[in-house]
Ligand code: BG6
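A lone chain, given as structure tokens: the form predicted on its own.
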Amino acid sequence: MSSAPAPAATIVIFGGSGDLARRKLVPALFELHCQGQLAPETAIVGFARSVDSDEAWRADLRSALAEFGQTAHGEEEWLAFAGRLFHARGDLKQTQSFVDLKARIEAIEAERGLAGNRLFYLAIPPSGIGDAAARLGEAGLVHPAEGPGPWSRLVVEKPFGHDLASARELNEKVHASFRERQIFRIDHYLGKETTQNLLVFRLGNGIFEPLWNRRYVDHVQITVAETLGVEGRGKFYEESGIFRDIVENHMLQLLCLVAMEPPVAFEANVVRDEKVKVLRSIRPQTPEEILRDTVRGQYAAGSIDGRPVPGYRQEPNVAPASGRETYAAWKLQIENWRWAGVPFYLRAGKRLPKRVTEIAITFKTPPIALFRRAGVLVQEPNVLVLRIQPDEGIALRIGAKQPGPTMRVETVKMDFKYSEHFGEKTPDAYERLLLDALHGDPTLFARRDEVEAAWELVTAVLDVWRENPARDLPNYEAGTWGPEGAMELLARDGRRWRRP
């Protein structure tokens, strides 16, 4: 993160009264404001149908900050921040609303002495992204990408499309008004401190990168587990499922950071080139291999922390006989010199026993001949765990001799926690990503070819699943670690899932 304040700009949030804006975007912008990272002239404009005035939007955001803000700030900080907040009432489907928005933005820019830099954030449903981007261009709100004048940038939330064809179509629509270097496709997982620290850990320490390959690594597990259900998003989940919602973006992004080759420089396109190479190195799977190496699950009624919870099919806006997955596991192989023969196991699920996102790298075990005569017949592998959330940190599991006259090896853990070393508060992912977008640094954002390469892999699985619907759903109880098929997926290879 740059220590210099971001250049002055008008930040326009489409969906300004929505859940994402209230929970994440505005609290992140408030933190950046309090840290002095926003230029004094910078304005924040909310665009929505449901709010009538600047005052009403400011009042709504003040209550949102009280509920979702990371730290409490005094009246002086709030008043200074509120002076940046403006609202433009409009309808995303109406061309006239964008014409009115342009007049409103130009008036705010003139009032605050802004040069015309604009950051448009589409915190709206995926179905509206392409049309909103097109109307921004039609209304003359987008500055040309070339030249020394003011800039315009577009931040787009995931999911970017729902399959390969729709992702390509959406890219074409957005490119009608914005060049690729103006588009910032956001995945908040890449803004998390531990995710960013993964590259520093690998490449900034001489002891790990030499081991980061098929000679020493047995397998890699990536887990995204949630205790929550669909939480009122039944309609969305009926359309997407967890494979689109979590695996296509978050999990493949984490896989790329684990598996990518060291970039020659920490520059946007150099880093993203290496991530694309990983996606293109993943071995394509036949329909038979997809059915063998993937597992679908759906939670039934159960209990979380002793509290009874309903099954997915009992959630609001969910079909009584829904076949949509709330759990997915996937075995992948990366066919390149570094990783050939090392399986990568991905799993994501809702209503699991614990909320955790982690990357676990299991190393091959050394020969135990040295200790066999002393009675050591089994040796646990070394495991390196990078915890993304909720307790960000890094742990290494190693073997150590128990005190005493006999040779007994016990597994112990070396554990580093961000909160203990750097303090309780770490920057929210959206703080980092919003600041990068304002600075024009796309390193932590997905490029077009990266998005399409990911969807190509995922769409192949979805097509096979559509042709072969699961007949055993629901197949895991809420509060358990998923369906038996997921356990068998690793058991066939003589391995087992970690219990975080």
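Numbering starts at 1 and runs along the sequence shown. What you see is a predicted model, and the numbers here were worked out from it, not measured in a lab.
As for the form predicted in complex with this ligand, it is not shown, yet the points below apply to it.
- The single contact residue among K350, R296, R153, K275, judged by any heavy atom lying within 4.5 Å of this ligand in the model of the complex, is K350.
- This chain is displayed alone, yet in the model of the complex one of E226, E109, E193, E315 has a heavy atom within 4.5 Å of this ligand; that residue is E226.
- Shown alone, this chain has one stretch from 80-88, 124-132, 265-273, 185-193 that lies within 4.5 Å of this ligand in the model of the complex by heavy atoms: 185-193.
- Contact annotation for the candidate site: Q35, L119 and H439 all lie away from this ligand in the model of the complex (no heavy atom within 4.5 Å).
- Among heavy atoms of R233, some come within 4.5 Å of this ligand in the model of the complex.
- Looking at N336, you'd find every heavy atom of it more than 4.5 angstroms from this ligand in the model of the complex.
- This ligand is not drawn, but in the model of the complex it has a heavy atom within 4.5 Å of I246.
- Interface residue remark: H250 is counted as part of the site for this ligand in the model of the complex, having a heavy atom within 4.5 Å.
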